[in-house]
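Single chain ahead, written as structure tokens, the form predicted alone.
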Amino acid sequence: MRRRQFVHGLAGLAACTLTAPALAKGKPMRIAVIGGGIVGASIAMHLAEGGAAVVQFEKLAPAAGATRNSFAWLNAFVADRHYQALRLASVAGYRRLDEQLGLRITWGGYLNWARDAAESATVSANAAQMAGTPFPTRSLSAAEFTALDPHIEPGAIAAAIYSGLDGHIDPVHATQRFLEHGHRHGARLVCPAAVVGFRMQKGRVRSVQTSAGDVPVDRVVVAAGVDTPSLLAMAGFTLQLRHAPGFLAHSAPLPMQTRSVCDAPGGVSFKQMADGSLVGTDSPDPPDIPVHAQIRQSTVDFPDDAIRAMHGNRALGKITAFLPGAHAATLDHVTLGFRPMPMDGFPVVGRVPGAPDLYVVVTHSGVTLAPILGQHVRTELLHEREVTSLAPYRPKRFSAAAG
């Protein structure tokens, strides 16, 4: 779904009615959610389901930032066991939400293979991450690989694994479904609306100041991706994120070739969307060459269409080398996204030190984590109960007091 179609489809959700009942006994808590990506949409939906009076602010359009530009692979491939448990819980949440909301998730599993000893070490390390969980990977012979996904031509296989847990998603469609469901429970989306400040009184947030007006609130959730540091700075809290650009090539739709998420030799990653388009890359970051200097330092686009097309066609060519049936694929467009990557690689979730009414959620793998984060934020804000599984991820670890 193209961006203008998505925004048009949400026209019935957007509203500038910014009043809500005050917090009092028997009255709903007024909560502002800042950010219209998949994480913010999940949080707003879960809070509205829980009975909060939710108003959500998005400065451009829903899913316009990191969400739209995400590879959107649902997985639990991380070495840290605690973090992995959080991701596993979220993938389980997606299973439930897929049935409930019609998210159209492709539960096609994950294939990772290597052509030589050096790449085999990475495949083995990936397999080790899932060992000991209820979802270990399975080693594949060349014949088993072909039987599992016959449209892929893997070339020489030195090592290969398959994970049946994994899936992939259209993150824009999922965001739309979350927003629609939240709207049915009373959540209000205000867009475009930029947040320009918070009115604070004795450390408490009294209102959110936006380009659409000053909105009284009881709590605020900042879930604004790479804009999170600048928003928190308005409340006097410093949070840094790593600069993490990434690009994806998108082909025009093709006949279906594979349902798997694939990590192939040579750093090539790809999947095929439900509409038939191939999506993938041959590099996790823009190569370190002079023409990319600005992209590698700040949130700017490719210098021109020729550079954009060069990267897209190069990546698409490498992808289709593994898919003989897709040899006629043509480049449709290239997306360049900026991942909201905390400095230590782990989520930042919880109340902001010194501002107990202000709650932050920022993480890479926001697509994978969106369901569980929505559930946990609802528990912490509406039930005033700390979720122990979030303990390692509190923002206080980045405060000056934490050293």
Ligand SMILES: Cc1cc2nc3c(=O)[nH]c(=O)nc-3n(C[C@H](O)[C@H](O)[C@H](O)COP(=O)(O)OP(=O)(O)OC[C@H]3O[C@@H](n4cnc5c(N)ncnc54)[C@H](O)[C@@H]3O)c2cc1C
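Keep in mind the model is a prediction, meaning the values are calculated, not measured. One rule holds for the numbers: they count along the sequence shown, beginning at 1.
This protein has a second form, the form predicted together with the named molecule, left out of what is shown; the following refers to that one.
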Inset, instruction - Using a 4.5 Å heavy atom cut-off, indicate which stretch of 374 to 382, 350 to 358, 337 to 345, 46 to 54 touches the named molecule in the predicted complex. - result: 337 to 345
Legend entry - residue 218: touches the named molecule in the predicted complex, heavy atom cutoff 4.5 angstroms: no
Legend entry - Interface membership of residue 32, the named molecule in the predicted complex, 4.5 Å heavy atom rule: no
Inset, instruction - Find out whether any non-hydrogen atom of residue 223 is located within 4.5 angstroms of the named molecule in the predicted complex, and reply yes or no. - result: yes
Inset, instruction - Spell out, yes or no, whether the shortest heavy atom distance between residue 194 and the named molecule in the predicted complex is within 4.5 Å. - result: yes
Inset, instruction - Check each of 237, 73, 145, 322 and return the one that places a heavy atom within 4.5 angstroms of the named molecule in the predicted complex. - result: 73
Inset, instruction - Determine the residues of 361 to 391 with a heavy atom within 4.5 Å of the named molecule in the predicted complex and present them in sequence order; the list may be empty. - result: 363, 364, 365, 366, 367, 368
